[in-house]
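Only one chain is shown below, in structure tokens, and it's the form predicted on its own.
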């Protein structure tokens, strides 16, 4: 590996705050947020509520806590949550729907992390003492394991109609909702209006070091607030990190389009390389998945060889690799990564 700084494409969570963001953090007005006295946190919460067209919002430490407090606020033990089989709440939140809320998951298939309204209708449980009760529908937008894919407003609206017919609530796991908005040209509130709760993350493509938010009605966020405390998410002088989230919303939204362009550039280059398979059409935002031919090598071996060349990607299964573009990866860095992939894929990695 050369002296060049590594090009880290493992995730958009690896972004580091820039000097201007650090300055905003250092100068933030703070108070005790558990008492509701932190002016910067309050300003962020008001900003998020307005952005998403909701009555209220609450700042939480992580995306997982955002999702799980929203789930806990809308369910009771023994309820069933309808979600995609590749959703983040199922794969990457440590079994929290069961562990924290006592809920079952009814998982639906579908390309790109998306499913149809008819599929939801088919799995809703009858109101009968023998069955778990269908209570909540969860949609993830953009969809991580789907490859950063975006939901259409029409598809969400169709599912919302089913939810209304059966008196189900809806939660949007909008960790990367701003990527969806930039990619599809929708406002955040255009997506959020269909949901009872919406989570969004500041520490991914937006580049803040920590934090997420949950938005909804005043009554709903009051319940989320209680479960934030129960789950250990109450923070004190949190304005120092809330200031970073505010800076991100002011400066790092429109530039997400650059990440999307870099991801597309990477996927197109991969499509012309040997020993790998990539679906270029599925690359809508900043996430690229590609599969390594098992006759050639494994995903981990390819990643190990790339790592030696100063490019970091993530093996997510035996043959699948994930690369995520973000604000710390320039177009020049992507070209370097493409060159490294060419070198690695030109000869079989060492056994």
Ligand code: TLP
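Residue numbers count along the first chain shown, from 1. All of these numbers come straight from a predicted model, not from anything done at the bench.
Although not depicted, the form predicted together with the ligand is the subject of the following passage.
Although the partner is absent here, residue 93 is a contact residue: one of its heavy atoms lies within 4.5 angstroms of the ligand in the model of the complex. Although the partner is absent here, residue 71 is not a contact residue: none of its heavy atoms lies within 4.5 angstroms of the ligand in the model of the complex. Although the partner is absent here, residue 64 is a contact residue: one of its heavy atoms lies within 4.5 angstroms of the ligand in the model of the complex. Using a 4.5 Å cutoff between non-hydrogen atoms, residue 322 counts as a contact of the ligand in the model of the complex.
You can rule out all but one of 222-230, 259-267, 74-82, 175-183: in the model of the complex, only 175-183 has residues with a heavy atom within 4.5 Å of the ligand.
Interface residue among 160, 275, 88, 251 relative to the ligand in the model of the complex, by the heavy atom within 4.5 Å criterion: 88. Residues 140, 144 of 130-162 are found to place at least one heavy atom within 4.5 Å of the ligand in the model of the complex.
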